[in-house]
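For reference, the chain that follows is the form predicted alone, supplied as structure tokens.
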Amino acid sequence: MHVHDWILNETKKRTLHFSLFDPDPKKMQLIEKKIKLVGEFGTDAILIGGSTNVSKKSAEKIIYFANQNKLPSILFPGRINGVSKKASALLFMSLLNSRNPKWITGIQAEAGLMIKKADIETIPMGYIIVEPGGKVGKVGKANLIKRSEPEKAVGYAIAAQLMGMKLVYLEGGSGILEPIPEKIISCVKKELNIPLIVGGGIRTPKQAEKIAKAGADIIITGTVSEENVENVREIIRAIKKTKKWAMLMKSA
């Protein structure tokens, strides 16, 4: 089964958890052990990506360990050197609220032929940055969605769906202190017919539970996976015990 089909099937039943690892050579310490642990804890897939210092060699090492643990390896590249045909799939991202066309269609055009020749499953995705945005907001020159303006996030998300994208990713930024507000997540989810991914600042089980209940179909944890992997166990437990948002809406 293709990764996109798997995502569609599984998110109808439950909220998924993906562990994000940055293929920066400086962050590769104990990577094999960390991937093994998150797999044992119940993560659903390994997401591989970073906005700076990306190494193809490091990305392929992460892919190898994901495969060893029977986890889908999904690329989330910010640059061409983050692409490898060894991965299970690739999120073909467009940073929709960037001020720079480079991040909307430029890099995508540069990488398009190479990705086609690699014959890797490619999933088009709308990427939307919410304040504070962190490093990805700065690198991607994003016109940040204010935390008090859910309607703007809704507008970008609907645009992504109407343009034929298969996923929407709301990103608050790596290492931020607080996740994206639940109001933004629930407003976006209410208008979408495609899976919604949420990431950035999710460090505790309570935060993960609230985000799942707000409507996230997939929850991403990155910093906590890299810095304190043991915390991921409780985050995944919190996600798994949360009822699907669609089911809650039906019973409301």
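Owing to the predicted nature of the structure, the values given are computational and were not obtained by experimental measurement. Residue numbers run from 1 along the displayed sequence.
As for the form predicted in complex with SN-glycerol-1-phosphate (1GP), it is not shown, yet the points below apply to it.
S.K.: If we take heavy atoms and a 4.5 Å cut-off, which stretch out of 164-172, 67-75, 113-121, 150-158 is in contact with SN-glycerol-1-phosphate (1GP) in the predicted bound form?
M.R.: Every other range fails; the passing one is 164-172.
S.K.: Using heavy atoms and a 4.5 Å limit, would one call residue 195 a contact residue for SN-glycerol-1-phosphate (1GP) in the predicted bound form?
M.R.: Result no; residue 195 lies far from SN-glycerol-1-phosphate (1GP) in the predicted bound form.
S.K.: Taking SN-glycerol-1-phosphate (1GP) as it sits in the predicted bound form, is residue 185 near enough to touch it, meaning that at least one heavy atom pair lies within 4.5 angstroms?
M.R.: Looking in the predicted bound form, residue contacts with SN-glycerol-1-phosphate (1GP) do not include residue 185, since no heavy atom lies within 4.5 Å.
S.K.: Even though SN-glycerol-1-phosphate (1GP) is not shown here, does residue 220 get within 4.5 Å of it in the predicted bound form, heavy atoms only?
M.R.: Residue 220 belongs to the contact set for SN-glycerol-1-phosphate (1GP).
S.K.: Although the partner isn't part of this model, could you tell me whether residue 215 comes within 4.5 Å of SN-glycerol-1-phosphate (1GP) in the predicted bound form, counting any heavy atom of the residue?
M.R.: So residue 215 does not count as contacting SN-glycerol-1-phosphate (1GP).
S.K.: Can you tell me which residues in 114-135 come within 4.5 angstroms of SN-glycerol-1-phosphate (1GP) in the predicted bound form, by heavy atoms?
M.R.: Sequence-ordered list has one entry, 127.
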